[in-house]
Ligand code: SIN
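To begin, one chain is listed below as structure tokens, in the form predicted on its own.
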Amino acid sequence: MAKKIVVLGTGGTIAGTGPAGGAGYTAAQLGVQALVAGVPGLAQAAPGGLLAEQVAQVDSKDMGCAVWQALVRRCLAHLADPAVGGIVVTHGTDTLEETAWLLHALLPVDKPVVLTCAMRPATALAPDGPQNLLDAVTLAAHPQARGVLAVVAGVVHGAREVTKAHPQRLDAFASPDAGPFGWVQSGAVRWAHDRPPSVRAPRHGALAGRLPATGWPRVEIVLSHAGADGALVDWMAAGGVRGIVVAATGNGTLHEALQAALARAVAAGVQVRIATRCPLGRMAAIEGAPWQDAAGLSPVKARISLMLALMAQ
């Protein structure tokens, strides 16, 4: 028996309105019910039925802890419903990869949670949102889909790999190094290597049901660059930051002044993770230092992981 697909709306460009040319639009204007109603064939992609629910209405550049908490709670409730086969989350493009990684770390993996978005507003002459939403529902209804996924421009990405790689193209998302998990083409899902991706149990699943709306551990990101002096790190440590993620140069290298400031922060009780600012490849593991590497995560995803780790402590 086919199960229903739940579409949770959070706003974003996919719900944006503005001139038909697409420029100068305002994100997060249309409700998720209007998005669902505007896609021909969406009901056929979910033979078990569709349920649309508005969780938030934000431009995803303004995504924050309160929306994340509400989204996680609604995902948990629907995933626990035996009548639900999967969830689609409509989201803005700017922070989609961060939300995907957060959900991946918290939610059970026995059903799919598929994020999708749009680079053009709903009122553009040729909006990309309707096709992306149709593809997302198709993927969420697929019997082999599991865990947190994203589908944009017909490409299926994993939560760990997905990143916004271009500020304007319709195919703005990529999975550097690892490549995509698959594709949605002509209403059918085609997996890379002819098999669905494997999924792992959530790292912080015990936290999912007790996330606060506010008061998450403060974790900031700093950049190592030519001429870095470490003053910002000293200021953050004095201001009560709990964690710092560094977007380091190359293979995790740090400007000497920044490195000295990070050492002072660690001595003051701040946890530090080192990621690379390089968009491709994975830096070597760090050994014999007062901080850890980010286990191959991008700086923004390493920040999510460190916040959750601090919360778990």
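Please read these numbers as outputs of a predicted model, since none were measured by experiment. Don't overthink the numbering: it's just position in the shown sequence, from 1.
If you look for the form predicted together with succinic acid, you will not find it shown, but the lines that follow are about it.
**Message:** Among the candidate stretches 247-255, 38-46, 267-275, 58-66, which one is within 4.5 Å of succinic acid in the predicted bound form when only heavy atoms are counted?
**Reply:** Contact criterion met by 58-66 only.
**Message:** Which residue, Thr93, Ser224, Gln131, Thr163, is the contact with succinic acid in the predicted bound form, using a 4.5 Å heavy atom cutoff?
**Reply:** Of the candidates Thr93, Ser224, Gln131, Thr163, Thr93 is the one lying within 4.5 Å of succinic acid in the predicted bound form.
Can any non-hydrogen atom of Gly9 be found within 4.5 angstroms of succinic acid in the predicted bound form? It does not: once succinic acid is placed as it appears in the predicted bound form, Gly9 has no heavy atom within 4.5 Å of it.
Determine whether any heavy atom of Ala27 comes within 4.5 Å of a heavy atom of succinic acid in the predicted bound form, and answer yes or no.
Yes - in the predicted bound form, heavy atoms of Ala27 and succinic acid come within 4.5 Å of each other.
Does Ala118 reach succinic acid in the predicted bound form if we count a contact as any heavy atom within 4.5 Å?
Although succinic acid is absent here, Ala118 would touch it in the predicted bound form, with heavy atoms inside 4.5 Å.
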